[in-house]
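In structure tokens, the next block holds one chain alone, the form predicted alone.
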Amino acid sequence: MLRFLIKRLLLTIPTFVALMFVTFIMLRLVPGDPIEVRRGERGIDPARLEQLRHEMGLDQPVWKQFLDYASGILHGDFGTSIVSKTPITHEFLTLFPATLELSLCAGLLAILLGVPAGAFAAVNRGKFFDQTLMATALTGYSMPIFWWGLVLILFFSNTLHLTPVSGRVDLVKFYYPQHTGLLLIDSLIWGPKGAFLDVVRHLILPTIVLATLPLAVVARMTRSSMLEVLEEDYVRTAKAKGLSPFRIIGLHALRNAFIPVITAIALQIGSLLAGAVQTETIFSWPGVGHWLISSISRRDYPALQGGIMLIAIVVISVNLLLELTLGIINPRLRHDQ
């Protein structure tokens, strides 16, 4: 197991370095200069501009800027925001609970609906539910997040007035201490009466929008994996012994079909965080995604670079944890690699 862990850790290093290099280069290709953005309409003295460019290291060669940037990350320094003058790590940790809460709710919704739907579709292969589910999954997989979010806002918020349009909670009506940053927990424990329900109402639409893509993937993967398992000899033997369908499907088939599904869920973590950028922008959700989009318009290079790398650390860490979990569940994965 230790050898498997070390090998996986070593494989993450080139991924991290490649992402760091690509992020640095791509940001330099974006039109605009962070110094010129700060200059504004009133303008700044040219000497002051040169001083600011020197302070930010933008007057150095690109290769020198990259080495300084990489050296800072290796020492745990992800930079300081040009706009807020706040360390990137502090800003990220302040905003990440909002993104984490939204991603967890979306991921949980995708699993709770996708796994049973995919299993039921496999059991009823070729029937009406199976065909309907596959068509719905294909539609959900192909649907742009920004379009889907606007449709839900127009229908549920503007027309039916059932859900809020933006934000995480109505701060005018409900104000309470935020100890964990996860408003579902904070509102339930420390919030006034009605705060928890208000947080849930704000979460409904963003969760549905963000869960659409992973829900489609999990449902399709569960169906595909279940179809393979249902053709195995031990399933046919269980049927011949007269075991109940619930026991055959629930205890034998679904448990063995769940390993590829866990892999699919792990691969959707990156999709959740990438989709959170668009979702948070649509619903003005005060999380990391909304912060990164704002940093793009302000040409805040340190915030963009540091934020992307911190998200990468989260995604790589969670994927590594899930791979270790799969290695524990299925020892053959450890010995085959």
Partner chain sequence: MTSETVTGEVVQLAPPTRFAAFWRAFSENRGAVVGLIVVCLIVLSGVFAPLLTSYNPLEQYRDAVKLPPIWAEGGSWSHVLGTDPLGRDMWARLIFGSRLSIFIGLSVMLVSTVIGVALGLIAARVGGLLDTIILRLMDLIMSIPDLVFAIMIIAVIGPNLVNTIVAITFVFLPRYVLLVRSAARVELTKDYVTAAKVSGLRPLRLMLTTVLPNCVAPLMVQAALGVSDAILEAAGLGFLGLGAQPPAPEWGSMLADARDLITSAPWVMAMPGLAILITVLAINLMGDGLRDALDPRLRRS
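Residue numbers count along the first chain shown, from 1. Superpose the two forms; the largest set of C-alphas matching within 1.5 Å is the rigid core. Because the structure is predicted, anything quoted here is derived from the model rather than measured.
Same protein, other form: the form predicted together with its partner chain, not shown, and the subject of what follows.
Residue contact check for Y301: one or more of its heavy atoms lie within 4.5 Å of its partner chain in the predicted complex.
With a 4.5 Å cutoff on heavy atoms, A47 does not count as touching its partner chain in the predicted complex; it lies far away. Of the heavy atoms in F129, none are within 4.5 Å of its partner chain in the predicted complex.
Remark: G270 counts among the residues lining its partner chain in the predicted complex, judged by a heavy atom distance of 4.5 Å or less. The contact with its partner chain in the predicted complex, taken as any heavy atom within 4.5 Å, belongs to L138 out of I189, L251, L138, L112. Though its partner chain is absent from this view, in the predicted complex it lies within 4.5 Å of a heavy atom of just one residue from R255, R236, R125, R247, which is R125.
The stretch in contact with its partner chain in the predicted complex, judged by heavy atoms within 4.5 Å, is 143 to 151, chosen from 200 to 208, 100 to 108, 143 to 151, 180 to 188. Here the marked residues A18, M26 and A312 all reach its partner chain in the predicted complex, each with a heavy atom within 4.5 angstroms.
Interface residues of 279 to 308, taken as those with a heavy atom within 4.5 Å of its partner chain in the predicted complex (partner not displayed): T281, I282, L292, I293, I296, Y301, L304, I308, in sequence order. Relative to the superposed core, S317 undergoes a C-alpha shift smaller than 2 Å between the shown form and the other one. Once the cores line up, the CA of Y69 ends up 2 angstroms or more apart between the shown form and the other one.
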